[in-house]
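As a starting point, one isolated chain is supplied in structure tokens, in the form predicted on its own.
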Amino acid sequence: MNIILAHNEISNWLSNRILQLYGLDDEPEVLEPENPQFGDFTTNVAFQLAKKVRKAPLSIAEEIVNSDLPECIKGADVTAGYINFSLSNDVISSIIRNLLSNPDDWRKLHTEKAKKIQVEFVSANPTGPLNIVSARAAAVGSTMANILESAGHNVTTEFLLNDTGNQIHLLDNSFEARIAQIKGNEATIPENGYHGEYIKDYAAEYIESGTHVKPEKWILNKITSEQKQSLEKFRTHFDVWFSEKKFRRSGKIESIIQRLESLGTTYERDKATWFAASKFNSNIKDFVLIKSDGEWAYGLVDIAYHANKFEERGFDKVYTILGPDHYGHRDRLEASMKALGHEDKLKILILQQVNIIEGSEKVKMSKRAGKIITMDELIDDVGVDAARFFFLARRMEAHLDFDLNLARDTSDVNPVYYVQYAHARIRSILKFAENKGLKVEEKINDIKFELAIEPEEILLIRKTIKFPLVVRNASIILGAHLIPFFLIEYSKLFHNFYTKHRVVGENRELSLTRLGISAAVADTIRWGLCLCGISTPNQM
């Protein structure tokens, strides 16, 4: 038995009872109650059924539980119309024991609906060092991929390399101007070009190298290579680096425009080709696919690129993370996928802006002007662990004020330090116990979890066995923030338990029980931090 099976068993039992009693095919929502005194799971299904069956919620709830309960349940009670379920002690002990015996299995959820999923994120223009906005996208995207994979899906991560287009043209001109200036020649950087000092540094390096590689090729390779290094340093790996330049030459874009024309979704106006987006979403306007001068619009290329993911690479679902200036593009892309027969397969996720705060001041940034905080600078300043945790500990849809001073702090006021310290403290306790002849790994079957009767112990156990449900929920709602949210609360529970109760004492049976609980907590924290790409030190 595991918590996912137990949760499913309760849900199925409720569905069958509703069908049996009222002939309704409803799917009740089974959640963890906010107050643990109401048991392990709760449902408000009686309120949802009240109008349909014309009965009071309390009466409906009492009718539902007036039956044999699922085997995993110790009891069910009704409180003000809510049905609360408590898991049996045997099931709880079995789940904890399985966690300790098979931690690898514990970290892999099994699903009957596994999908082939692609997560595309960062995809920054190769025009300079990655900045903190890309760092937030890297933390969120890689964590989301980890969560989806842990939930049982086949996940591929991808970076779209924007290695062609106007921004690359401006980069080339800016770079060549800097080279000319260093050589003592007059040259002007384009007004909308890249004026940062980093371009001057690259130009000096290019001249010093004495290479015969053309400047435009050298600078693109240089920046792309450094971006890859920065991402790897930030514990962000991409399975695929997809070249836009190669894609533009593949003939796929011409094929897509022909498809859209054959489907009757395009029309001509002002010598341009338009996509009739309003046919598929009345809230958005039609937009240009091919400009009046015959040049492809950015939207057309992106439509073809995303269609390729489904039609040639076979993904069941694609999640693309874009910045806050892409709301309109999101709607246009999703409408175009609907037109091509891929409705609901693509979900565009909007990641909000990051503000860097130091003291009481906001740091202003501009890549073109060269006033940026790079990903590498942030890592060197606060470390990978703090940076990733701070980026993740807020919903991606919300603006983030990144407090540099708090991230630098090495006390328990820093949330990532607080969580890591809980893990390190447990490892220290386990080492201490091992020196006294109490090694949890060798005595898993001897642990008597029924000895855990203190409120803090019970709360820790219940919270521990629920973590797979948190991971599964995060995979469903695409909420990477749920993991750090859980870890912060969870670590508080452990620190509270540790403060009030001695883990290793005179009573060896009770000591072994508390060591088992502590080991399970450490492994759960480790899993959560690993999902976030954050280290789990054994000592601090």
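Because the structure is predicted, anything quoted here is derived from the model rather than measured. Note that residue numbering follows the sequence shown and begins at 1.
Missing here is the form predicted together with the RNA; even so, the following discussion is about that form.
Contact with the RNA in the predicted bound form, defined as a heavy atom within 4.5 Å, is made by all three of 428, 496 and 503. Residue-level contacts in the predicted bound form: of 309, 107, 195, 332, one residue has a heavy atom within 4.5 Å of the RNA, and it is 332. With the partner removed from view, the residue among 188, 166, 209, 225 that has a non-hydrogen atom within 4.5 Å of the RNA in the predicted bound form turns out to be 166. Residues within 4.5 angstroms of the RNA in the predicted bound form, judged by any non-hydrogen atom, belong to 411 to 419 and to none of the other stretches in 411 to 419, 108 to 116, 91 to 99, 461 to 469. Mapping the unseen interface onto this chain, residue 283 counts among the residues with a heavy atom inside 4.5 Å of the RNA in the predicted bound form. For residue 35, a non-hydrogen atom is located within 4.5 Å of the RNA in the predicted bound form, even though that partner is not displayed. Residue contact with the RNA in the predicted bound form: residue 229 places no heavy atom within 4.5 Å of it.
Contact between residue 51 and the RNA in the predicted bound form is found at the 4.5 Å heavy atom cutoff. In the predicted bound form, 504, 538, 539, 540 are the residues of 504 to 540 with at least one heavy atom within 4.5 Å of the RNA, listed from first to last.
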